[in-house]
Structure formats: C-alpha cells, structure tokens
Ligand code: E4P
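One chain is shown next in structure tokens, namely the form predicted on its own.
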C-alpha cells in the first residue's frame, strides 16, 4: 500500500515529504502546465524536493515518437525513481511495451476498462491509474470501475497494481482502497485531511483542558 501526492508543485512536494506517510508523486501535463514551461527541468526540481520514492512523469505530447523521446529523457534523470506515465491509447501501450523491455517502469493512466487493464498486464506496467471521481460523474461509476479492474487483475494473478487517482476527499480515498485499489494518489489538501475526525478533535480538546497552560 502506498499513498502518493498528485501535484507538480515543488512546494507541495516538499510539504508532502515532510508528512512522513507519502511515498511518491504523480504528475500530468495539466498539472505541469500550471507550474512551468519546461517540464523536464521541473521534474528535476520535483526529484530534489521529494528525495525518495517514485515520481510518475507523463509526457506532454501525444505522438509515439514524441512520447518516446520525452519518456526516455525523463527516466534518464533518475532511472530508479521515474515512472513513465502513459495514457491508455494504442500508441502509448505499444510504447509501454518498448520502454518496459528497456528497463523503464511504466504506468497506464486514464484507465477505465478491464481490456485496458489486460493490456497493462501484458506489457508489464507497474500501475494502472483510473480516475475515480471523474468516472463517478459518468455512467460507469468510479468504484464500479475500480471493482472491475481489481477483478481482472486478480484473475490474471497480475503484478500490475491499481493506483486510484482523481480522489477529492478522504472518504473517496478509503472507498477506493476498499474496492480493490492497491495505492492512491491525491492532492495535498486531501492528504492533509486524512487524519481529521470530529471525535479525535474533541478528545484532543479534553486532553488539553486537563492540563491548562500555566
């Protein structure tokens, strides 16, 4: 089980590293565009701000050749840490197979179907990444998608893991895990909300009242 930060912010990366329970980072082109016009250089800054664990880097372009060049350049920055994050399209799946053969770890993102999960398994991807909240706003349903992905990976006895993304609240994080996600990624504010519970807060107030400051 791993909890990851979903952000391309260097400040978020440093804050997540300080939490002690965050094990990596996921980014995407939209998140990168908010932070930089030089995504590969910015990846280097994220690697420095978050000194341990995987960082999933998604190429900003979509043709096979462009994705190939950018994914290989990203992986070269930290081969043991960078995971090439690719959309679950035919060209990207072909690229995942080639990159995996060359020792570069890959994840398929925007995965919504068991067929896509099957191909991720066949190409040796370490993760599939469903967008849970986005799916919940459409007919398939977010947790139904996670259920179906978990079922086919279990049937295959696959080493590919489900990394649930597009999680907007602490309950969504927990529900994704209960429905079969192995790992989760969420924005910093969601990660910070995980310990929150009104009964915990009332207990802390009672403890503090028992020992008033002098």
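In this text, all values refer to a predicted model and were calculated from it rather than measured experimentally. Residue numbers count along the first chain shown, from 1.
What comes next is about the form predicted in complex with erythose-4-phosphate (E4P), which is not displayed.
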*Could you confirm whether residue 129 comes within 4.5 Å of erythose-4-phosphate (E4P) in the predicted complex, counting heavy atoms only?*
yes
*With the partner left out of view, is residue 137 within 4.5 angstroms of erythose-4-phosphate (E4P) in the predicted complex by any non-hydrogen atom?*
yes
*Can you check whether residue 155 is within 4.5 Å of erythose-4-phosphate (E4P) in the predicted complex, heavy atom basis?*
no
_Using a 4.5 angstroms cut-off on non-hydrogen atoms, would residue 28 count as touching erythose-4-phosphate (E4P) in the predicted complex?_
yes
*Choose one stretch from 62 to 70, 158 to 166, 141 to 149, 36 to 44: the one whose residues place a heavy atom within 4.5 angstroms of erythose-4-phosphate (E4P) in the predicted complex.*
158 to 166
*Are there residues in 80 to 100 with a heavy atom within 4.5 Å of erythose-4-phosphate (E4P) in the predicted complex, and which are they, in order?*
85
